[in-house]
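Encoded as structure tokens, the following chain is the form predicted on its own, with no partner shown.
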């Protein structure tokens, strides 16, 4: 749909973009085609689409997939989608908040235009509960940079480490504001997350890993040992935290933002297996 078509449809259906929910509808066929080309959906894929909006991407997903589950939080949009795709047997439209809806089994790929206010929570749920093999999402450019950041950079943080332990990420292309109606205040980036065949963190160590990452970035700019021992997210004495840093072969002055996802995974395994030294 172009801008004129979106205005016509929303006026006819009594719909309007909800700024609180971060709703911006794709109005560029070229961007839609690029999204579909990168997602590479096949007849073997069961696809989860988060926030389908008016169905710009949904239509192409349905042409290619075994099945599509489109989860839409907005009641008006969900109603519109059910009417628009009433004759599409491969599509199931779900009116619900994705973060509250029970997990849908068998998902092989996830696609979505994620609102900034809850994109972290959505990605964590896809990673930890769904364990989605392939994720293709549009994100605010700042968020995409955080996910792709390198240790020691200003954008590197807890989301970088947490997703990096389970996924390899790739920037696919940038999307300008003009590709949306209404135009958002920021530009977007379309990225791919591919689940690692062997995640850096095993199931037995996930809880310890989460606590370590929260503790390390709670004390950003502090040394890792100071952050770990002072954080409310972890019960670790200063001496034990310092010993952990030494046993990992890290410099005593290292900060959490200097450590790779692999470093955190090794620390979590050590603490889970041996406890504080």
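Residue numbers count along the first chain shown, from 1. Remember, predicted model here, so these are calculated numbers, not experimental data.
Keep in mind that the form predicted together with a small molecule is not shown, yet the notes after this line are about it.
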Partner-proximal stretch of 242-250, 224-232, 53-61, 208-216 relative to the small molecule in the predicted bound form, 4.5 angstroms, heavy atom:
53-61
Please run the contact check for residue 161 against the small molecule in the predicted bound form: heavy atoms, 4.5 angstroms, yes or no?
no
With a 4.5 Å heavy atom cut-off, would you call residue 262 a contact of the small molecule in the predicted bound form?
no
Heavy atom of residue 71 within 4.5 Å of the small molecule in the predicted bound form:
yes
Is it the case that residue 41, even though its partner is missing from this view, gets within 4.5 Å of the small molecule in the predicted bound form, heavy atoms only?
no
Name the residue from 97, 128, 176, 168 that puts a heavy atom within 4.5 Å of the small molecule in the predicted bound form.
97
